[in-house]
Every structure is written in C-alpha cells, then in structure tokens.
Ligand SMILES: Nc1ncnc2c1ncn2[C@@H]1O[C@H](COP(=O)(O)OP(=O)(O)OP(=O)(O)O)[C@@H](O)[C@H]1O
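Okay, here we've got a single chain as structure tokens, the form predicted alone, with questions on binding and movement later.
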C-alpha cells in the first residue's frame, strides 16, 4: 500500500515552549486517519506544518513520496485542507464563494464543478443565503466544498465536528465515508471527540506532549481491547476481598461511582454473583463491557 504522508523526527517550539518533539507519523493510501489528542496537544500545529503554513524546526515531511521541500510543496497541489475554521466570504452565497475560489485557482468548467461539489456536500439548496447566515454545520460543509474543488487525493480536516449538533455530526460522518469509499480519498481528521472519530476512522495516531505515542488500526485496537465486567457496589472493600480470595480474577477498583472492573468473560458473571451473594455483599449493578477508544486513550496518556 502506498504511503500518502510520512513524517520523521518532526520538532517545533515557540520560544522556549516545545510543541512537537521528535514526532513520527505515517498515513497510507485509502486511510481515514484519526489524529487524537487533547486540546493543546499540538494537532493544529502539526497540520499547519504539513500544509506549510508553519515551518518545522527539525524533521522531514514527505507527501506522496516526495523528496525534499520543493517536491513536497509541489505535492501540496494534491492536498485539500480545512484548518481551524473555513475561510469564506461572509457576504457571498455558497455558489459565489466556490466561484471565487474556482477563479483564483483557474479551475476549468467552473459551473459544473461547483454544482457537483455543492451536491456532494449537501448545499445545493442554500439559494441566496449568504455565508454569515449559515449554521455551523453548513459552514463546515462549505469549507470542505472549497477544499474539494481541486479534487484532492488527500483531505486534511482540523477539528471538523467541534460545535456540531448530533444531526450535523451524523451528516458529516456520512459525507466523509462517501468521499473515502466513492472517490478513494485519503483523509486525516484531527479531533478530541473520540467516540465520533472511532465510528469513521480505520487508523489512529495518539498525540500526547508533542509526540505520537501510539499508532494503531481499528482492527488492532479491537483485537487488543480488553473485555471486562463492571461491578457497582457500595461495599467495594468487601467485594474486592471476595474477588481476590474466592473468585481469583484480575480486577481494578475505579474511584468514581463505587465501580470495580473485573477482567474476565461474560460467562463469569454468574460465578461472581454467587460468591458475592454468599458473602452478603450488596450488588447495585453488574454488566459486561468493552473498553472504548476514550478509555484506551486515557490510559495511554496517564
């Protein structure tokens, strides 16, 4: 599989504050790559360096196997991006904004391209409504439309679902999947909303303190993912002793909500309940669960 983006040893600091430190990252052709990190982890800085809005202090970036800065600059013609917020003119309609960008980019058959792009992002019916009157979801979709005008092979989106309502998030997710599956577009999405990122991405890079501390595919995550039983009881100490002495299963006491995580399989629930009942331990809840991406991320960064 071809590599679309390859980063080695990337470092960047502002003044004496390090933002990125010896960062390595790889995005393969066809990926929807989820760049995960807390606010302030360096996601936007990294994306700005990839798109040459900022320069790195050290390290190398290769787009589509480019060699050196000049080749990488040329390869950017195959990249579309929406960084921080869409850059559109408040007094223009969706069509007029796209017409403006077609003109400055010298895109042929502009009217046809604009109509196709508006349809693809779901903005065909906005009529004379101008950008300033758009909802946040409409603004995000127009930003993506502007990025799609040149039919990029690689699309980079920085925190695209911030502030969207549930319907807007679902529509965004469906659009991203269509771009990937129907047009074969490789996509990098940065976000701290992990539950939504998990639904759309097939690979993840976890960014913490300026470094990619783990790259993992969704398939690998699901293989490594630990199944566990959640036990909620007001008698944590007594329950923990029973689990240790009688049930002999690995467990972890979670501070919030009087919760214990027991690392075992679903069929052990009856055995656990039996031993706790015999010991007269009050059980509030017990159920089977799987670790989600947010929990995995939290454990890694801690």
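Predicted model only: the values in this text are computed from it and were never measured. Numbering follows the first chain given and starts at 1.
Only in words, not in the display: the form predicted together with this ligand, which the text now covers.
- When contacts are judged by a 4.5 Å heavy atom cut-off, residue 41 counts as touching this ligand in the model of the complex.
- Residue contact with this ligand in the model of the complex: residue 287 places no heavy atom within 4.5 Å of it.
- Using a 4.5 Å cutoff between non-hydrogen atoms, residue 293 does not count as a contact of this ligand in the model of the complex.
- Although the partner is absent from this view, residue 159 contacts this ligand in the model of the complex, with a non-hydrogen atom inside 4.5 angstroms.
- Only one listed stretch (41 to 49, 26 to 34, 239 to 247, 272 to 280) carries heavy atoms within 4.5 Å of this ligand in the model of the complex, and that stretch is 41 to 49.
- Proximity to this ligand in the model of the complex, defined as a heavy atom within 4.5 Å, holds among 192, 214, 89, 173 only for 192.
- Shown here without this ligand, the chain has 14, 17, 19 in 2 to 30 lying with a heavy atom within 4.5 Å of that partner in the model of the complex.
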